Structure formats: C-alpha cells, structure tokens
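Presented as structure tokens, the chain that follows is alone, the form predicted on its own.
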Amino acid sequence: MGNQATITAVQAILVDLPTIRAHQLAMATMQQQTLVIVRLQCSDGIEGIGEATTIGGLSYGDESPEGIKLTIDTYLAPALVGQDAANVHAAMARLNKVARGNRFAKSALETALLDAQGKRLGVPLATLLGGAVRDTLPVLWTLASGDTGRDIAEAEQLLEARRHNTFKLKIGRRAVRDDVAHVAAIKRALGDRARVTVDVNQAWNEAEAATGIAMLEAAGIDLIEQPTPREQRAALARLAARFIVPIMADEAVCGPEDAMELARIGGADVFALKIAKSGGIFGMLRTAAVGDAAGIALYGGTMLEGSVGTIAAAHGFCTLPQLAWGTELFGPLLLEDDVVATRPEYRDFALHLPQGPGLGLALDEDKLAHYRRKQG
C-alpha cells in the first residue's frame, strides 16, 4: 500500500440555512437551521465531509452549533491531525480519550473519516459497514405549522405527490386536550390512507401523558414519541405497560447503555436511533443491536440535518437488519437550500441512497461560501 494516509487538517464551518416554513416543536420554533459542516483533509489528497446539527440551538440538548465548532477547533481537530486516516476506530478511540460526551461533534468527525475512507476505496459508506440490506428508506413528514386546516392540506398534497404517507405531529405546547383535538382531526381527515404519529418532545408529566395517550389511542394514532422527560424512565415504562399504542423513546435513548437500561425496565416499545446522539454511525449500530436483542422495534430519527448528515444516517440505517418504523430523514426537505451539489432524491414515499463512493455527495463551494456564517 506504500505510505499510509494521515489526517492533515480538520475544519468546522457554521452554515445558516433558511427553512421553507416555521417549524414548531415543544421547545422551540425554528425559522432557520444551523449546520456545522466538517471538512477533513488527508495526506493522499482525499477530503471527507461530515455534519453536526442540533435543533433550536441548545433547546434540544447539551450541544450547540457554536459549541460544536469550538470543541472541534480547540480539542478534537488537534487530536486527529497526524493520525492514520484509514483507521476510523482508532481515531474515534483517541477522541474519546481527549473529550467526554460531545457526541454530535464526534459524529460529524466519524462521518468525515468514513466518507474519506469510502472515497479512498471507491465504495459507498454503507459498503464499509457490511452492505445495505435496503437501498431506499421510508420517510415520514412532520406537520408542524400548528394550524389544523393547514396541516391537513399539506398532508393531502404530499400524499398526492407520493412523497409521504406517514405524518408526525409535534405536540406539547398547548393544553393536552387542545393538542389531542388537533391530532384527532388530522387523523380523521386522512383515515386509513396515512399513518399518524405524535412527538411530545418530553412536554408532559405522567398524569398528563396518561390522559393524552388514552385519548390518542382512541383516536387511532399509531405511535407516541417521548411523552415524558428523558430522566423519568420509570414513568415511560409505566406508560408503555399501560397502553397498547407503541411508546417510543427518543431523548431517553442515546447510546447502547441507555438502550440496555430501557430494555431492562421495559421502558419503551420502539427506539428512535440518531447517529448524532449516539456519537456516530458505529455508536448508533451498537444501540440498534441492543434494541434488536431485546425485541424493541427501531426507527431512524433525525436532528433535522441537511443533506450531509441525513445521508450519513441513511447509510447507517440502510444496513440495519430490522427497521420496523422506517425513518424521518426529511431534514433536507425542510431547507430552502443546501450546501451540496446534488440534493438527495425523495420519491415513492422514500429516500433513495446515493450510489457514489463515501457518502455519495459533493459540496457546492459557492453555496457553502454564500451561507457560511460570517465571523463577527
């Protein structure tokens, strides 16, 4: 093989992209999305790209885009420079010694390492993981305008275009009964033509959740995501035992350790997997394996990433033996524009995996320069 390729430089770039509409969650309303785009240069001339994205700054979790960039620039990039670019596990083990947590930042770097290695070998990222068992992923859409009539019209239009046939509603901002009335009206309008799920984003206490879930179950809702705060695992377990409608853990399950504990207490029927909250694709695969072993159904979640982060997750999800609940990898569709040359393809209710080496994506340098945050 000759001289091994080493990592020569790592850059973290803040990119602010406009969204197609305001996107309401229990904890924030998004008008734009900030991506952290990672560029990892290697001594053989190959560049790997990655992405870290959060929701609403710090409102989702402990990492913000600005904090992720600072962590990479100050701590993680210096630890990577000079390391073997082809040994992803060794590089990540080194980062785990240098920094605790910081999973979003690490996920972006792991993606960039894998993208570079895929390009080096001329194979798609999924091939590095052992191969894709599916080349398309079902993708739901979140109806998050907060207006019942507008949400129904949007769902009808997307069904007609064969883009989505599962719709998730973000609830938890209003009184429980008001939220349930909104969701039930949408389910009635769509009937059996679409699956309807809800995400409470931890907004209810256990008593509110018991009332709300009973009503949602009666309305024919298919799945309830993270009704109670992430720390209250026992409450989640009691709700999962009490109701037939599946309860999904999202914020409560990050890595395999969380998955193990939730499986032990019967804390959820479904796990939402995200590469960012697991610290990368390999961490997500380990988390998924625990869920699989426990008979817990799996779902491919999103941090509303742009194309780079979304396709990274897609490569990982495409390799999972079981993925009963499909995915919500619709982040690029929520963005008015992106920083890649060719945006991902969505049709027939699914995201189609790109075919090229690595992620199968290339950055659009002009758009990256245009949307890049100007350092004040």
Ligand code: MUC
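Just count from 1 along the sequence shown to find any residue number. From a predicted model like this one, the values you see are computed outputs, not experimental measurements.
We do not show the form predicted in complex with the ligand, though everything after this point is about it.
Proximity of Thr53, Phe104 and Phe317 to the ligand in the model of the complex is absent: no residue of the three has a non-hydrogen atom within 4.5 angstroms. The shortest heavy atom separation between Val88 and the ligand in the model of the complex exceeds 4.5 Å. By the criterion of a heavy atom within 4.5 Å, Tyr60 is counted among the residues contacting the ligand in the model of the complex. Contact annotation: Lys187 falls outside 4.5 Å of the ligand in the model of the complex, judged by heavy atom distances. Using a 4.5 angstroms threshold between heavy atoms, Gln117 stays clear of the ligand in the model of the complex. Only one of Asn201, Ser278, Thr71, Thr197 lies close to the ligand in the model of the complex, with a heavy atom inside 4.5 Å, and it is Asn201.
Think of it this way: in the model of the complex, the ligand has a heavy atom of just one of Glu110, Asp179, Asp250, Asp258 within 4.5 Å, and the residue is Asp250. Of the stretches 346 to 354, 328 to 336, 34 to 42, 62 to 70, only 328 to 336 has residues with a heavy atom within 4.5 Å of the ligand in the model of the complex. Contacts of stretch 345 to 374 with the ligand in the model of the complex, defined by any heavy atom lying within 4.5 Å, are made by none of its residues.
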